[in-house]
Ligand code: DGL
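Presented as structure tokens, the chain that follows is alone, the form predicted alone.
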Amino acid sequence: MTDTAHARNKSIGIFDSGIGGLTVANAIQKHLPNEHLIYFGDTAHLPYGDKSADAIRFYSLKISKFLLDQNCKMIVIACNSASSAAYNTLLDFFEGKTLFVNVVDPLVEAVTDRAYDNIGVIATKATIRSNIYRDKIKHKLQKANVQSMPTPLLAPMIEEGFYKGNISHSVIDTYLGRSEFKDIDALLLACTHYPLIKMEIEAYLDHKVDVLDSTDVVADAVSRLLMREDLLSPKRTKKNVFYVSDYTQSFEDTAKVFYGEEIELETANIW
């Protein structure tokens, strides 16, 4: 087997602070069914949205090293908080060893390509605190008015299954009913949990606002980068692997909701 053929058959590593990144993993698998995925959810430390940037960088470095040890040709940072705090650090630390894709840049590219005037962003505290979406959007689209809001109740609400009901309707109204979001043309769901409530949000906004999430745009970015580097796998020969750093039955139950089908979680205590 040539070196190139060997590299093509390596895995795609994907990590998140928990199981929300399974929405991205599922989109990647649908776009690229020949690719073998290794997922790592850092359930021992979730949520990253409440952690310091230094803590998030430390976790991300450790997880990336674990995924590299599993022979990954690419690592997808399927977490907005980690993408915001750790992406550049990972590029520097693992330069030349693997490819990295974050969830921020593909979503920024999608929204700026459409040249919206008024853009809303909802995400975790860590992502909003970094100002990464506002800064990147304004860099590419100076005329855009960007309104960012931390929505810390959404991710735990979704993980506990409290969506598509009175509780989620109330929380969504509390956040999106604020005056600063009154005239937005587009809303970015800048957390990998939020695609599960995308339809609810679209309905709340009377389908008058374009609601964008990172799932399909990240999968497309992964596909384009692998194609450019001639690293697309010709055939998947192994079963995908899904690790968590701390296993509970509730994570197992919720994982199938995020991934869209039954999966089996394995514990990898890398700490």
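Since the structure is predicted, the reported quantities are computational estimates derived from the model, not experimental observations. Don't overthink the numbering: it's just position in the shown sequence, from 1.
Quick note: we don't show the form predicted in complex with ligand DGL, though the next part is all about it.
Among heavy atoms of residue 59, none comes within 4.5 Å of ligand DGL in the predicted complex. Among residues of the shown chain, residue 40 is not one whose heavy atoms approach ligand DGL to within 4.5 Å in the predicted complex. Although the partner is absent here, residue 191 lies within 4.5 Å of ligand DGL in the predicted complex, judged by heavy atoms.
The shortest heavy atom separation between residue 124 and ligand DGL in the predicted complex is within 4.5 Å. Contact annotation: ligand DGL lies within 4.5 Å of heavy atoms from the stretch 78-86 in the predicted complex, the single such stretch among 78-86, 177-185, 134-142, 163-171. In the predicted complex, the residues of 4-18 lying within 4.5 Å of ligand DGL by at least one heavy atom are, in order, 16, 17.
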